[in-house]
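Single chain ahead, by itself, as structure tokens, in the form predicted alone.
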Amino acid sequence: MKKSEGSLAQQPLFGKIALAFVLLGLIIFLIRFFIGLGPTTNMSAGFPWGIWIAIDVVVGTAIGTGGFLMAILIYVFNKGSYHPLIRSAVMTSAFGYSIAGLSVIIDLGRWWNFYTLLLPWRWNTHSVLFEVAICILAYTIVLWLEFTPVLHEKGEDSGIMKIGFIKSIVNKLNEKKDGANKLLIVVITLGILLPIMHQSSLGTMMAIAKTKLHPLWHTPFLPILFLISIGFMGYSVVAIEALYSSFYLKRKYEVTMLRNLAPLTAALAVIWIAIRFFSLLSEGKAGLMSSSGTLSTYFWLEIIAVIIGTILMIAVKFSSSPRFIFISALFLIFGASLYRINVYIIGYNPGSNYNYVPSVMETMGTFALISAEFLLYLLFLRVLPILPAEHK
């Protein structure tokens, strides 16, 4: 692997805007922690979560499954040719899940009690929400463990190795390399198992809200729909971050690998669309697709976006244009993200006495978290050996 080169100065507009959002977000979150959720958000008893959960967690973790999907492809199906994509995918996943965990703490009414998740005697093992929380926590730890070889490699190549005790620790780790490799196998196995558990459970959580979730989205197939959607979302994110990294650092685009991923991405999207329509037809809800007013519009937006992305992704196999790959991936991510937002907010109706529109502080806070992830991604790309050596 080669240390990435570049500077945030190459992206002055994006960098300055993102930094401004981050600084504004710090102020907003400080206000939220000191005066509570009530004055800073539009959440209520009917809507106990808002976009900090629906976008930063439900959508954010789905976007952060690229590392999980690449691990399956490389380590389970032995597709070693995709190994150059794994480090950036794992890094993106680690950021996505870390931001999601932070969002959960921000969203808690009594946020100072977040540590109780680490106390087994306080666990409610019958709760789907508990299973989601504990799996996200565990998977975040696993992702950063999977990322340690990058930090280790950086340490070996940098001046920090001149520090005596650090050099001693690294040497001892190298002596026990076989044991570390065996441990890494366990970590990778957990990294494949945990996302399957909590991503399907995010669908299960809303499956129990039968009287509150609109029939266009409520179905017993929710767990499998949530699970399959991360397939084409994750691979699409891998494509976007690979293309953007090459653009940012003025490197050659990894078009061949991304083209080879296109058929699998499109196949997962086709399966998702088929299950989506099958659930509506088999449950006698076909008429709702056109008779639900504004909700029908949101439904067709998600469906059309995924269909367009799927068609374009199929065509990617016959195209060598990085821009074509990028656009098809954007459509798939938008459609699947809107589906999750529809399930958790737009299609959710706890009663006529409740409505929810995110406050300005909530919206700015979400932009701040996304901007922080963007800046950290560029920083890590710049200082760590993330990308493979460039092909000549």
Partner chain sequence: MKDKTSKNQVLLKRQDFLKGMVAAPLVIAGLPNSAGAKPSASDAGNNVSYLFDSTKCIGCRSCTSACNQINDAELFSHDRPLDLSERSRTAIRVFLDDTKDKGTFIKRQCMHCLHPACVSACPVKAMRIDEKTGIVYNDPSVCIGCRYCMVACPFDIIQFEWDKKFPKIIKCTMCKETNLKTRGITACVDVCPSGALIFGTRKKLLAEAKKRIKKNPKKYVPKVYGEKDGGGTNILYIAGKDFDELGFPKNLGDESPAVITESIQAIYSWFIAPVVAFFLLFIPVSKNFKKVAGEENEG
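Keep in mind that what you see is a predicted model, and the values were worked out from it rather than measured. Residue numbers count along the first chain shown, from 1.
The same protein also has a form predicted together with the partner chain, omitted here; what follows describes it.
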property: Answer range among 280-288, 310-318, 256-264, 113-121 for contact with the partner chain, defined in the model of the complex as heavy atoms within 4.5 Å; result: 113-121
property: Contact assignment for the partner chain in the model of the complex, among Ala138, Ile271, Leu108, Leu249, heavy atom within 4.5 Å; result: Leu108
property: Contact assignment for the partner chain in the model of the complex, among Leu301, Ala209, Ile275, Leu102, heavy atom within 4.5 Å; result: Ala209
property: 4.5 angstroms heavy atom contact with the partner chain in the model of the complex for Ser44; result: yes
property: Close approach of Glu241 to the partner chain in the model of the complex, 4.5 Å, heavy atom; result: no
property: Contact of Ser292 with the partner chain in the model of the complex (heavy atom, 4.5 Å); result: no
property: 4.5 Å heavy atom contact, Asn78 and the partner chain in the model of the complex; result: yes
